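Taking the form predicted alone, here's one chain by itself in structure tokens.
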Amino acid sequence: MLPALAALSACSGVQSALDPAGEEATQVATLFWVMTVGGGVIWAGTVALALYASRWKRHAATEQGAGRLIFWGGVVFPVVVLTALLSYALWLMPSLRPFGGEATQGLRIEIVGNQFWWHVVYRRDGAEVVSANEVRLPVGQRVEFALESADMIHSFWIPALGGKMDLIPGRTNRLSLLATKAGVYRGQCAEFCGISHALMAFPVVVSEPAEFDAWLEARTRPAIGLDGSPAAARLFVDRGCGDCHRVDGTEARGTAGPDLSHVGSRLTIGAGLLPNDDETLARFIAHPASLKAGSRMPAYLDLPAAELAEIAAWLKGLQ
């Protein structure tokens, strides 16, 4: 009993496909349990037959009886069960990838996978909001994702909301998700893409529509705290950070790395790697590749501790 409870406890959590918070994930979980039950029925029948033959059947079966057993137990029974499972899966498939006529409330999210981070752009009613390494969604509204890759094959997967979709260089794949439960979930790259593949994750925040609208509207303007420390903003540009990173409302216009315009309000840094606070920001700036192998961001070990702390505090203030 205890091992079964321990196994079932692994079916919940922010990255569990069996603890669904989206319409498509609910379908996937249902399909999993139906397939599990169907497989269990075949397994139980096979075990029962083996026990009967080895323990309780004391006399040799007639040739006619053996033929009937092979036909009904070895052919008809598994074929009927597997055909029923396949039919159910095929019937379910259109609802796992809904497109065509599905309302998306005008919201489109463009995702570009990079080693080892995510470029995120929200588009609605002509407005564009650029972000990185975090996805925000309204509950109860279908959202369309446009998925691309900047370097190699990645895979965009939010287990609690739906199935995965690959990001392939040179083409755009589309994915549609409908979140049904507010909360914070975890997405992950599901296609091996290099040394930090396992660390290429992202938080997914699903909120009520009004809260999401307010969040999106706030991101169309420069961040609160932008002018909190002009000296730190100048250090950020002078030290070359703006060559790779963009901060809306400043001279930083780089696109090689994640957009940092509202980085202080994100839940994590390093694509789901670390909690977002002044200390971890300073650590990541100083030696990113030590914290995330394969990171293309250069180390800034030569920065004085005071300057490092000043830049980190300014970035955390970009809410």
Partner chain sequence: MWHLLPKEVESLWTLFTAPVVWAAHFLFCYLAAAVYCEKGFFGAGFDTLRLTIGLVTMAALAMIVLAAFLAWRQWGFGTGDPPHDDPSRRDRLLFQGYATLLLSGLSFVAVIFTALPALFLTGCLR
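Positions refer to the first chain, counted from 1. These numbers were taken from a predicted model, which means no experiment stands behind them. The term rigid core refers to the most C-alpha atoms you can superpose between the two forms while keeping them within 1.5 Å.
If you look for the form predicted in complex with its partner chain, you will not find it shown, but the lines that follow are about it.
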(request) Let me know the one among 231, 86, 146, 218 whose heavy atoms come within 4.5 Å of its partner chain in the predicted complex, would you? (result) 86
(message) Within 4.5 Å, heavy atoms only, which of 140, 240, 94, 249 is in contact with its partner chain in the predicted complex?
(response) 94
(request) Mind telling me which stretch in 125 to 133, 231 to 239, 77 to 85, 202 to 210 gets its heavy atoms within 4.5 Å of its partner chain in the predicted complex? (result) 77 to 85
(message) So, residue 108 and its partner chain: in the predicted complex, are they within 4.5 Å at any heavy atom pair?
(response) no
(message) Only counting heavy atoms and a 4.5 Å limit, does any residue of 145 to 176 reach its partner chain in the predicted complex, and if so which ones?
(response) 174
(message) After a rigid core superposition, would you say the CA of residue 70 moves by 2 angstroms or more between this form and the one not shown, or not?
(response) yes
